[in-house]
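Just one chain is shown here, as structure tokens, and it is the form predicted on its own.
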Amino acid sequence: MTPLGQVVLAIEEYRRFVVSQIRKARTDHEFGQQILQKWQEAKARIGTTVTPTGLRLPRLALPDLDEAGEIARFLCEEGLPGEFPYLTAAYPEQYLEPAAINSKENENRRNHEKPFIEEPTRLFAGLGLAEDTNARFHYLSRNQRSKRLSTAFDGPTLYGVGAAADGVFGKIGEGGVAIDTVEDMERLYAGFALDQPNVSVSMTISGPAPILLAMFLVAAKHRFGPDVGPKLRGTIQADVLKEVQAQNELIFPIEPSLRFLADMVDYSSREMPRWYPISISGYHIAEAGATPVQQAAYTLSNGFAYVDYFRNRGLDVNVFGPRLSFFLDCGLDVEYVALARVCRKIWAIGMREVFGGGNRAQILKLHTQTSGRSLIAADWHNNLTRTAVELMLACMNATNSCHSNSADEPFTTPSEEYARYAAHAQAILLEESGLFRHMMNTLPGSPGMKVIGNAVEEAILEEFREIEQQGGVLGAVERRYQRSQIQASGHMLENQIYDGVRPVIGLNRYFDQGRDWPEVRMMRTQKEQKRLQLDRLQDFEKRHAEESERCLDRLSEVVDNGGNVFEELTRTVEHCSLGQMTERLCEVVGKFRPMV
């Protein structure tokens, strides 16, 4: 039995444990009194807040229970915020305004001097050259206390070939930012205090992720000194399994890719303790066509596969476990009412019972992005509403950070105007509205949410059982199981839209026949910019020609001798370009070839 099969058994056993706790609370007077006392103490710790209209509310809404069995059911099945099994929330407080505890703080609030709290908003950008994306980052974050930057890379960067590869000139800076050298990385985040706790960086890249993270670390050392590593905050996607299953941007064969990832996780867990070296991504699985349940099941099972692999490499689950993060899509299907909540619960049980992870390793840290697949070119201003609904669902599920898509994305790289509206949508929901900033648990816990959550949980376990039958995650990958299921679901979705079974407003329902297609300005990288990127790359390689071959040879030796490849990359990136490093690594370990 693989660890995934053990996770299924652990969850089934936990269900039986919950039933036993409920029964014990009702039949064992002493235990029942302990449950009631814990409940009363939890309620006594809850502070109060006053809304702008004068309404006094608790800062956490709990169900009105006074029977020990039902209290035991809530504590075991959902848990208080920040307590096992973390279904309610990963942390004791999320989204709340700071409590006003004295008159001085009240005065500060009147003067608009808010104490620092980190917003969940994470702003996504990537276009043109490094300085273009840097300008967009500064534009989007100018009104935010927290500078949470999420970075999209262009095709040549995603595939590790760089701007100098044959046939890619037209793709330079398209759909993401072009990064070829450590000098590009310095330009990308120029002006941001990467060593400060209110700044974090996310990089959406998997195949060459170790190279890009090494560039980021070295660029930060150039600006902030050699000891900056422990201060750096953020994440890099680095999820090689979802590339095989959905996104097709894997460079090296699976085993070397996992080894390079493990080296990066090992190094960053020791030297960059505030960095998340992998973002286990369901978003791209969903965007490729998966149902919500498939997205959750494949993402969680991939996560457990990584934990098993890292553990077998000798890494400590309580060191690397807290540094794992997750990335889910949030669309308009009803499953999203409870999907992320259920994922937190399954992860917590699996990590505790199967892998022996402590409290910090049990917490599923989640970034959510509204669904790009749900955005429609027809009558495209409706996308503003779609994204707003998806944001509501994400916050109902207590996501830790969130990116909202721009309405014009069906046509182009987001424009400044609609990128601003996308960011403002989160500000309206979390700052202007009172739905989340006054009280936690305002919307969750309804009968409908519980029914959906139970159905989603069982459906995820059924997917786990099927993957287990395939020999576990890697066995299923070899048989192309996940990929075939995603493709089948994507085909079903398109048929449902075409047949009108799945309504899409403005496309197959309420379509305005007389409405012309909009004139939308395409965001494109100019030929002069592409030439500049190529010139910069050639200049870098010329200046470092003497050192680059020596560094590449040393990198080859480390790979062959079983050393930590990521640690060596932090030296290699000083003198070698992305394309040079990828080419050399491919010479040593080979290239990924899709299984047929």
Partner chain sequence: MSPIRILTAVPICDGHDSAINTINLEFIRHGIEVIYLGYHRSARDIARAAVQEDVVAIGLSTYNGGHIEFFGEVVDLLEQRRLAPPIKLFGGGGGTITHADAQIMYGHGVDRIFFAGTPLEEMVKYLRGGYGDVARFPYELAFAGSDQFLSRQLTLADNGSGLPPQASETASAASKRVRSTKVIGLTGPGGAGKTTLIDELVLRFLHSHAADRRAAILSHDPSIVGSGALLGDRATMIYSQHDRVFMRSIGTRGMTGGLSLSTDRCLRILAESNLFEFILMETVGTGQEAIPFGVDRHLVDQSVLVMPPDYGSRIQLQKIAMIDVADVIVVNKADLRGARTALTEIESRIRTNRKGQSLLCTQANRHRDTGVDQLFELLFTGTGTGTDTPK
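Numbering follows the first chain given and starts at 1. Everything quoted here is computed from the prediction, not taken from an experiment.
Omitted here: the form predicted in complex with its partner chain. The next part is about that form.
- Residue heavy atoms within 4.5 Å of its partner chain in the model of the complex occur in exactly one stretch of 144-152, 363-371, 478-486, 275-283, and that stretch is 478-486.
- The partner is absent here, but in the model of the complex a heavy atom of F411, alone among F411, Y91, F84, F511, sits within 4.5 Å of its partner chain.
- Between its partner chain and the residues F192, F252, Y159, W380, the one pair within 4.5 Å by heavy atoms in the model of the complex involves Y159.
- No member of the trio G229, G563 and T570 reaches its partner chain in the model of the complex with any non-hydrogen atom inside 4.5 Å.
- Contact check for E174: a heavy atom falls within 4.5 Å of its partner chain in the model of the complex.
- Among residues of the shown chain, G5 is not one whose heavy atoms approach its partner chain to within 4.5 Å in the model of the complex.
- Residue contact check for E432: none of its heavy atoms lie within 4.5 Å of its partner chain in the model of the complex.
- By the criterion of a heavy atom within 4.5 Å, E587 is counted among the residues contacting its partner chain in the model of the complex.
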